[in-house]
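Take a look at this one chain, the form predicted alone, written out in structure tokens.
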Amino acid sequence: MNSKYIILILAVLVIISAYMFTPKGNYETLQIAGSTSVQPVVEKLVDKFQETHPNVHINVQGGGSGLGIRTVNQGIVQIGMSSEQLAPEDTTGLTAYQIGKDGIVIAVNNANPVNNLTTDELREIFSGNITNWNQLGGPNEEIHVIVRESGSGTMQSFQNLVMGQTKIEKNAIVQSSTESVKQAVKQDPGAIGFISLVNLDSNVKALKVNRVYPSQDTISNGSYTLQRPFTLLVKGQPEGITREFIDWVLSPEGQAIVKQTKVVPVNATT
């Protein structure tokens, strides 16, 4: 286990310990950790769930999909959050619940006049073969590639959907969360990165990919191809408050909240 995961797991343990040793009467606790893309969706779900469950303390932490898988496997948290397409070997001993589908948005600075890129052009950019926006009809501006860390589900999904076997350039700027990627792109006219549709706002500009704009509709109908599942993971079978929370997330009420966050619900007609 590398030092990054050790630090993240220790941070989660410290927060969990604070909850465990704080006087709370008859409160139940539920610990959730993982993908920083799924995190804001789950936080909104938790806020609504706790309106009718005031005796439940739910703690939601980020750290990346890898951390979510690792900590739920080790029993450190009850629910892990993942934002990547998981292989069977990743979920051995775990039960996965897909709560919706998200789009991976290609984000550039608002001042960038480029509006559309093909997946081939993206691969050339992120591998370092295209290095200036003027090669794509844009200004004479050096391209600054911004990516997520290796344990990120967003990074893994981008690698699978866009890069394939092609490696991302070694000088890419690495950020530790979806939000930090967005902030870096906002501040740099030459930057390009990828973020969750959940995090898209007016601070950055979303590009069309193969002439299709990312939206709930284009994700739902499959025309926007850079999409991935949002998944909650439980070790074994969920019980008690863990089961109750997951069942509620998958209910019409929970799925309506998922839709409000710009994620396509499991039942797209919700």
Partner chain sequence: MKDRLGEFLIEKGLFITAISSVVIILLIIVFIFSEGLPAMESYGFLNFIFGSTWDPSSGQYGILPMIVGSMGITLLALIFSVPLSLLCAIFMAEIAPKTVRKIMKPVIETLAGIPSVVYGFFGLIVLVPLMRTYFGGTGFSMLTASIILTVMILPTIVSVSEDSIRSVPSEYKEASLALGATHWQTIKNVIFPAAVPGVITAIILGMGRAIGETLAVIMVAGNVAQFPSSIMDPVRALTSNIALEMGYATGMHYSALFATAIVLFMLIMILLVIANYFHYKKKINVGGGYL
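Please read all numbers here as calculations on a predicted model, not as lab measurements. Under this definition, the rigid core comprises the largest set of C-alpha atoms superposing within 1.5 Å between the forms. Residue numbers count along the first chain shown, from 1.
Here the subject shifts to the form predicted in complex with the partner chain, a form of this protein not shown in this document.
Notebook entry, point to check: Going by heavy atoms within 4.5 Å, which of 96-104, 193-201, 124-132, 179-187 lines up against the partner chain in the predicted bound form?
Noted result: Answer to the contact question: 179-187.
Notebook entry, point to check: in the predicted bound form, does each residue in the set R70, S152 and N171 place a non-hydrogen atom within 4.5 angstroms of the partner chain?
Noted result: Per the other structure, all of R70, S152 and N171 touch the partner chain.
Notebook entry, point to check: Can any non-hydrogen atom of P214 be found within 4.5 angstroms of the partner chain in the predicted bound form?
Noted result: So P214 does not count as contacting the partner chain.
Notebook entry, point to check: T119 near the partner chain in the predicted bound form, any heavy atom under 4.5 Å?
Noted result: Output for T119 is no: heavy atoms all beyond 4.5 Å of the partner chain.
Margin query: Test of understanding: in the predicted bound form, would Q175 fall inside 4.5 Å of the partner chain by heavy atoms?
Written below: Taking the distances in the predicted bound form, the answer for Q175 is yes, it comes within 4.5 Å of the partner chain.
Margin query: Given a core-based superposition, decide whether the C-alpha of E141 shifts by 2 Å or more between this form and the one not shown.
Written below: Comparing the forms between this form and the one not shown, which are aligned on their rigid core, E141 does shift its C-alpha by 2 Å or more.
Note to self: Core superposed first: is there a CA shift of 2 Å or greater at Q175 between this form and the one not shown?
What the structure shows: Passes the 2 Å threshold, so yes.
Next item on the list: Determine, after fitting the two forms on their core, whether A96 shows a C-alpha shift of 2 Å or more between this form and the one not shown.
Entry: No, A96 moves less than 2 Å.
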